[in-house]
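Have a look below at one chain only, the form predicted alone, in structure tokens format.
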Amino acid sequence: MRPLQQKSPWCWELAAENEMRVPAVIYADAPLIDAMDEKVLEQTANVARLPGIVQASYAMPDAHWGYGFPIGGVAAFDAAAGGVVSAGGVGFDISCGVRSLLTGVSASDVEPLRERLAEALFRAVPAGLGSTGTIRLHGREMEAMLAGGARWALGQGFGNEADLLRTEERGCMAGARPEYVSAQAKKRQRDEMGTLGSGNHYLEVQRITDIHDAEAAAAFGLRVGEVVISIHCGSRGLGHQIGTEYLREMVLAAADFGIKLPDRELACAPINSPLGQRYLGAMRAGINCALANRQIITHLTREAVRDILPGASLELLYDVSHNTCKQERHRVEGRERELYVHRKGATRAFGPGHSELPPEYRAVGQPVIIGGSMGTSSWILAGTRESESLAFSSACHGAGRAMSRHAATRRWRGAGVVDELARRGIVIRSPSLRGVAEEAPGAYKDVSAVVEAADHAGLARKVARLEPMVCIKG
């Protein structure tokens, strides 16, 4: 492939060549580009070869190598032009996402209670590989959860109606088809509702250290010195099983659809095919599973926190996913088109005025939650109007890994990471010290550099910076 051409200090492009149907575009500054895994460009270019892709294949500033699509990849497809849906373009942890809760409590008041808070949250929310909770779902209950998402969870007593208004898709993804989710996927999820899982999932108590956009911060309810609680998790075993099964089926069916795959990991099916429709129905059920899961964890978190901080408001700021394919309307070349936007390790970032935003956020744009990793900062951004034309209203979702989990465990010991963070005043609780080593802060890119690139590129604008105080790590 020819080298990337720098279009601006924050935008790089590989012109369409060979079998690419559209250009490949990466949003990042020069240091991030230099440090980026060379597979990111290769994968972004491969995505550009898929049928029905519109405008460009995009990679966000936190992009790194993934399965098929790069993590941090965004691509939109037009069903009317033979567009496809790709299970690899959504990922295995369907609808993994972040929700943040406001507390209205000052960090100085929480500081002496950090250990108590850490213990209470660690007991309340099961975490780790294969973690299970107290909820057991069978038969019709499982079907109802997959169809209803966070709205189902509210009906079970987990949360309140106000939560839905500040949740993507109002807490329930339309078009979910639980009957297209296999019995094995449902079995894996049977005991996992209300659990964090493992990997980069976390439940974190954070202090707001800086405000960069006073108007947006006021609309979001963010004030310097106050505490926010963030929850990062997804659809657990169910989402992974859906991804595994449909990827296998899409690989086998590609030739029958006349699709030449540049990489087997980019297995896909035409959106309007029976297979494409079955995957979309199952994937939307996976989204609802993740939304319900985060809603239950929110309830468990509120119960634990209120015992220690009875004055905390624990009002939901926002919940947004970053492993999805969404049917959305976007303006392309002067006209609106209905597109299927894949965001893998990328967050929806609607700008000011968008009709799907809660009224109180409509003037400033959608909250975009950028998670850190234990010892690193997290950020709240806001969607921009220009992001619509830049990348179908999408932004980065985190720092992005700088090294593999295996490499991280060779470099760090979990106990050493816990001790180092304790010296910085950050309390860690995890069922796995190996998991802590895999998620060591040094295994990730500089999240502040990623956020700066997103801000300067116009994908989303900085609103507030947060630092960890307590982290429950999966």
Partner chain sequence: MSGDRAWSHFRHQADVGICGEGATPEQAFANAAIAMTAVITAPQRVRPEQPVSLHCTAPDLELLLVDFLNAIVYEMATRHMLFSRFDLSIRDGRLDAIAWGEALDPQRHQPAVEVKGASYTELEVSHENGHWTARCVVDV
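Residue numbers count along the first chain shown, from 1. Note that the structure is a prediction, hence the values are computed from the model and not measured.
Form predicted in complex with the partner chain: not shown, discussed below.
- Query: the partner chain isn't shown here, but in the predicted complex which of T103, T384, T301, S198 has a heavy atom within 4.5 Å of it?
  - Reply: So the residue touching the partner chain in the predicted complex, by this definition, is S198.
- Item | The single option of E141, E388, D109, E265 touching the partner chain in the predicted complex, heavy atom within 4.5 Å | By the 4.5 Å criterion, the partner-contacting residue is E265.
- Message: Can you confirm whether K39, W65 and E192, the three residues that make up this candidate site, all sit within 4.5 Å of the partner chain in the predicted complex, judged by heavy atoms?
- Response: Per the other structure, all of K39, W65 and E192 touch the partner chain.
- Item | Region of this chain that lies against the partner chain in the predicted complex, out of 374 to 382, 123 to 131, 292 to 300, 72 to 80 [heavy atom, 4.5 Å] | Contact criterion met by 123 to 131 only.
- How about R248: is it within 4.5 Å of the partner chain in the predicted complex, going by heavy atoms? It does: once the partner chain is placed as it appears in the predicted complex, R248 has a heavy atom within 4.5 Å of it.
- Taking heavy atoms only, is R99 within 4.5 angstroms of the partner chain in the predicted complex? No, R99 is distant from the partner.
- G442, heavy atom within 4.5 angstroms of the partner chain in the predicted complex: No, no contact at 4.5 Å.
- Heavy atom of S230 within 4.5 Å of the partner chain in the predicted complex: It does not: once the partner chain is placed as it appears in the predicted complex, S230 has no heavy atom within 4.5 Å of it.
- Residues within 4.5 Å of the partner chain in the predicted complex, restricted to 399 to 436 and counted by heavy atom: Going through 399 to 436 in order - heavy atoms within 4.5 Å of the partner chain in the predicted complex - the hits are R401, A402, M403, S404, R405, P431, S432, L433, R434, G435.
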